[in-house]
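The chain below stands alone and is given in structure tokens; this is the form predicted on its own.
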Amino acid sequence: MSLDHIVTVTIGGLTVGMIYALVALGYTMVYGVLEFINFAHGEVFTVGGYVAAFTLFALGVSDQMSTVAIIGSLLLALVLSMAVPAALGLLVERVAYRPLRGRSRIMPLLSAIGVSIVLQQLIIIVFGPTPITMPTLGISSASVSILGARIRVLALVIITVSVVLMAGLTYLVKATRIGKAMRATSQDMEAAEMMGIETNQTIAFTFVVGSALAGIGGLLVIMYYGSLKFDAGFLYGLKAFTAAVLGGIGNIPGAVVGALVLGLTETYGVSMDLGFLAWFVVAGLLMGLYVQLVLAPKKRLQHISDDRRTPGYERSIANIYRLAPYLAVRTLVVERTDALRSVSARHAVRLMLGNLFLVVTAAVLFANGSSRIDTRWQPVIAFVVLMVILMFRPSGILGKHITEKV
């Protein structure tokens, strides 16, 4: 496996991951405040891409124009790709979600699915069913050399823009007045209202920011791939939601980490030989063994009550994890009187099965080291990784480390 190929695939994975992150942030922000999933968010992303492409076509952008004119046109497309989705997100929140606030959680969920279908059909009515394309520009194909690999300039622009936007969002949430209002509304809406916070305005602002980020994601996707289909938001929305869950739903840094893991996993999965990928599985296995043999027993010992805490009892709990194939199964089958031992045994068995799965996977990959996975399996790879990670960390990669939801 050559270095230039690894660099090319890595930059590609980071680019895809950053795009997923822009969309995933909208999911995780809305969940952090309202604790429900805005399934119409994917269509808002699509609208951003369509608006950007339509704007550039309307302006007649081409390489024959001056550099200043091209930059001005791109900036206008950027502004509109943020403004129109932001306005759409505000409208959706006001019409489809606010009247249902405080009702059964299934009602906003059904409303979100209905809004998603309506927006998708509106895109077809306004722009037509055929994919919309970007005007051909030199920047789309321009490339630079990094460690012997030819990397598209646009990929580096996407990564840079995404990092800047995410840093700005983090500052907005952590250090501004409206960010504090968002965190207060997330933690306790009624208490926030009693403290004088306009929760309706705060929630609306959350939708506006998340929708604007999704719109930028749509612009970056259509510039990177050259075209966008009316139903593209469904798949991108699903993967972005997966990234948010993977990182820890309701957690802004977690959404970014989950998106990067997802983007790199998808790209590596279909671009690298199985023998190369097997080493990542081995790394995951080593981490899984660390969790089973060291981390999980250490955390479980913290649940022992003071009246039962003895060296012998602590050792018996730790041994359930360290000798899982025997003691964990025996505890589940024979012993029924100790609740902590039973819970530890079930947990140890799950960890053990996960590690066995990784062992088998690594063996299969090494045995077929020169083969590659077909690109049609790319979505499957992403969801397999999601299931494996959630098996070890049900709350997501960063779900337990950050207490604030947003």
Partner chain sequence: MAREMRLSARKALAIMLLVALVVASMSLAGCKKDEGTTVSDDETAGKTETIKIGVETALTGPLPDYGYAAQVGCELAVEDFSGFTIGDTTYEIELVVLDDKAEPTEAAIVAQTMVDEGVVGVIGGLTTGATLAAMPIYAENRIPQISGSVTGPKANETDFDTFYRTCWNDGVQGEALSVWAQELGAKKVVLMDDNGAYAVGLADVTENSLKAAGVETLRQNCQSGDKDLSAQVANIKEFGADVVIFTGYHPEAGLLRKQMVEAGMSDVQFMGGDGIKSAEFVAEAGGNANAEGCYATFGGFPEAQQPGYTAFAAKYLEKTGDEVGPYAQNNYDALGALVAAIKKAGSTDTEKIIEALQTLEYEGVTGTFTFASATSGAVTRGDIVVTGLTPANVPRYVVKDGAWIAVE
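Heads up, when I say rigid core I mean the largest set of C-alphas that superpose within 1.5 Å between the two forms. What you see is a predicted model; the values in this text were computed from it and never measured. Numbering follows the first chain given and starts at 1.
Another form exists, predicted together with its partner chain; not displayed. Remarks below refer to it.
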query: One stretch from 373 to 381, 48 to 56, 24 to 32, 355 to 363 that, in the model of the complex, holds residues within 4.5 Å of its partner chain by heavy atom; finding: 373 to 381
query: Contact of residue 225 with its partner chain in the model of the complex (heavy atom, 4.5 Å); finding: yes
query: Non-hydrogen atom contact residue 131 with its partner chain in the model of the complex at 4.5 angstroms; finding: yes
query: Its partner chain contact in the model of the complex: residue 235, any heavy atom under 4.5 Å; finding: yes
query: Touches its partner chain in the model of the complex: residue 136 (any heavy atom, 4.5 Å); finding: yes
query: Non-hydrogen atom within 4.5 angstroms of its partner chain in the model of the complex for each of 12, 16 and 267; finding: yes
query: Interface residue in the model of the complex among 186, 271, 73, 292, criterion: non-hydrogen atom within 4.5 angstroms of its partner chain; finding: 271
query: Interface residue in the model of the complex among 221, 320, 182, 262, criterion: non-hydrogen atom within 4.5 angstroms of its partner chain; finding: 221
query: Exceeds or equals 2 Å, Cα of residue 378 between the shown form and the other one, core fit; finding: yes
query: Cα displacement of residue 276 between the shown form and the other one reaching 2 Å, rigid core superposed; finding: yes
query: Large Cα shift (2 Å or above) at residue 369 between the shown form and the other one, core-fitted; finding: yes
